[in-house]
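To begin, one chain is listed below as structure tokens, in the form predicted on its own.
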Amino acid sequence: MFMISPARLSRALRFVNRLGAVWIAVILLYLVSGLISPGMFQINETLNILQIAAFLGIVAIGQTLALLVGGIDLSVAGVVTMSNIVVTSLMLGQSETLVPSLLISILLAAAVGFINGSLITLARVTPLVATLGTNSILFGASLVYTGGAPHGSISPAFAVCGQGHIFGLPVSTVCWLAIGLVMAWITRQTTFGRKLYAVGANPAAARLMGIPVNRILISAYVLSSVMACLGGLLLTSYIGLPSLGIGDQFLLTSVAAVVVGGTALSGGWGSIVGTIGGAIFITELNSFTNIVRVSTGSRFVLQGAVIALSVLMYHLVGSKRTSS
């Protein structure tokens, strides 16, 4: 009978911990998908997954910041939709309006994040209720603004961001990884990043240490909305047209990508690098369900199960880490 020695098991656990469980899951799911559909192993298909993952990945980076401070941002779907509607209606296919349209979209998103943060810190509204309410307002505002019939288009120069390639890689993927590396450095190597973790781990203790908790929380939600805006702008660049339902897909998947990547829902624990892996995993999972022809309803059930299992797994790992 084959037995695994404690030393080998310990080395395997250290390897998984060093690499990250989500990256092991990414590799395994990729191999399983490739065995079922050999076309998955083609370079073009791999690049396509990375291109699609970029849109979710940028939104999920912002969601990570909200979860790190012990909150959640359910307004990301509304921000993505708002960015899509605003930028296409202002750009109108002209290059002259490119920069003003982008700036207005980003500023509006920052304002949404500031409102979310203010509701949570000053009005003491729970993050779930505050951001869900904001999401509903944004969707309603988009309906009123467009009259239910969105119009406009992007300029040809902007289309490069979502549809172009550089050195063989999709431009959207390059933008995503660049943003991810910058945000990973900010969260891990700067004072602001350390304050994010401190506030998420224990707000009361962080306040006693002199950390401006309210300011950090508001900043996290502003960055979360800006990241959602950037993800929405890249997705708009990819499809080229306005769509009122464009942001709905990110309401669940952005949380799923962050949780699968190892960020705790309770705050104070997680990483941007793990979220990048989580975004790739969720995108691979959606591709896999398309390969095996799973229905839309079953896909949502599968995503929910993945979130629940991820939370359970990381809770058990965290409990062992605390007790050891």
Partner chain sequence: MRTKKNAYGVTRRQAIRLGAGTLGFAAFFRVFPVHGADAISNAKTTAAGETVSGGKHKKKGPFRVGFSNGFSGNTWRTEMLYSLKKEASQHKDLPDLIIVDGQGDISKQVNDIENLVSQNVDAILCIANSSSAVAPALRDATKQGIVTIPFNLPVDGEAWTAFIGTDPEKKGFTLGKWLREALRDSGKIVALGGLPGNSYTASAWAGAQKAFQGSNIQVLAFRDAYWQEDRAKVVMADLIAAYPQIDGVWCDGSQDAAGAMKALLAAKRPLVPVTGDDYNGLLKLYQEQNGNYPNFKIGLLSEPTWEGVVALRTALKLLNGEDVPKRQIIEPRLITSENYKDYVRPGLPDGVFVDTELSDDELKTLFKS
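Predicted model only: the values in this text are computed from it and were never measured. Numbering follows the first chain given and starts at 1.
Heads up, the form predicted together with its partner chain isn't pictured, but that's what we're talking about next.
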Examine His151 and determine whether its closest non-hydrogen atom to its partner chain in the model of the complex is within 4.5 angstroms.
yes
For Ile246, is any heavy atom within 4.5 Å of its partner chain in the model of the complex, or not?
yes
Is Val26 close to its partner chain in the model of the complex, meaning a heavy atom pair under 4.5 Å apart or at it?
no
Using a 4.5 angstroms cut-off on non-hydrogen atoms, would Phe192 count as touching its partner chain in the model of the complex?
no
At 4.5 Å by heavy atoms, is each residue in Ile52, Leu143 and Phe300 next to its partner chain in the model of the complex?
yes
Heavy atom within 4.5 Å of its partner chain in the model of the complex, from candidates Gln94, Asn202, Ser118, Gln163, belongs to Gln163
Given 38 to 46, 61 to 69, 270 to 278, 256 to 264, the stretch touching its partner chain in the model of the complex at heavy atoms within 4.5 Å is 38 to 46
Select from 180 to 200 the residues with a non-hydrogen atom within 4.5 Å of its partner chain in the model of the complex and write them out in sequence order.
none
